[in-house]
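Below you'll find only one chain, the form predicted alone, shown as structure tokens.
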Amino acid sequence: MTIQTAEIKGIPIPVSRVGLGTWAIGGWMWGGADDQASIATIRGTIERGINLIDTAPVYGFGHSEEIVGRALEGIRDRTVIATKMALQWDGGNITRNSSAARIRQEVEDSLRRLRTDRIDLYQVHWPDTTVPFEETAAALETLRRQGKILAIGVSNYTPAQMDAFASAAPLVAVQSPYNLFERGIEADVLPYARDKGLVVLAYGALCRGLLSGRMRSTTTFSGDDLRKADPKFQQPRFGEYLAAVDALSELARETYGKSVLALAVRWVLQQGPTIALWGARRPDQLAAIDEVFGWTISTADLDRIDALLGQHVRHPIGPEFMAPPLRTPKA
């Protein structure tokens, strides 16, 4: 199997076009996680040729970054670490903060947790409109010139926000929610990225497990699992999405001999300058990586996929529920 790669300006090694997302590994909002299984999953990902690990301080309030740092000891130079900043938390309440002071604090904390001397791709997690985008960008450019980070990205930004940001720092990547069910960026962010030469890191490539092929109408979620609050996982929408998955599974199996998971990731990779991020918490969940590369969905089947989605998902909804609030300005 040959892993497809992408070039990200500033990062000296080719970056795999599939990356491991580690929100679930942090445990928070995913019903907990097993640290030893998480470490084995990260190391198994690298052994399979997937070298991009995407994390963030807010995933488990530092825990995900700590696990990534432990897992990559001895193999750090084979990997590309993408992490984020500009979300702060207080008693579990998350708000946005992309001030220069916050960024200077966060980078040191992330370097320590990740057990590394540099972050390959440093991304603003959510746009903070209470801080000028140029201030945030200038703070990151200082870190890049210091060698603490190699490349700068943003996440969940609009094209207008990226324009303002890019006036003060070189922007090379944008991370956005993107999968077969959540396609809002096709109207703006994706064409912008093509035009500006940005790489798009598509998070939620499996739509929080909906496109894994493992969910059933009887599937339930416990504890603090965010899917308890996700409208896609509430009836009647849940049934519509599951029916779509069944139809996509049939297409993938009968036409390509692949799983619906492989079809979903392959689809993301065919949409432009994209890297697909998916989350795994156990080593056995990595087996499907082998199915993703070495084949192509035909133009006719891309049209069939669109038709199936239109037929089954009558009440589509986006990922808006995940957006954290802005800070309340101090009086």
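Given the structure is predicted, the values throughout are model-derived calculations rather than measurements. One rule holds for the numbers: they count along the sequence shown, beginning at 1.
The same protein also exists as the form predicted in complex with a small molecule; that form is not shown, yet it is the one meant from here on.
Using a 4.5 Å cutoff between non-hydrogen atoms, residue 96 does not count as a contact of the small molecule in the predicted bound form.
In the predicted bound form, the small molecule lies within 4.5 Å of some heavy atom of residue 204. Residue contact check for residue 249: none of its heavy atoms lie within 4.5 Å of the small molecule in the predicted bound form. Mapping the unseen interface onto this chain, residue 214 counts among the residues with a heavy atom inside 4.5 Å of the small molecule in the predicted bound form. Of the residues given (245, 200, 261, 152), 261 alone sits with a heavy atom within 4.5 Å of the small molecule in the predicted bound form. Exactly one listed residue, out of 136, 110, 79, 156, brings a non-hydrogen atom to within 4.5 Å of the small molecule in the predicted bound form: 156. Of the candidate stretches 65 to 73, 298 to 306, 34 to 42, 279 to 287, only 279 to 287 contains residues with a heavy atom within 4.5 Å of the small molecule in the predicted bound form. Each of 59, 84 and 208 is positioned with at least one heavy atom within 4.5 Å of the small molecule in the predicted bound form.
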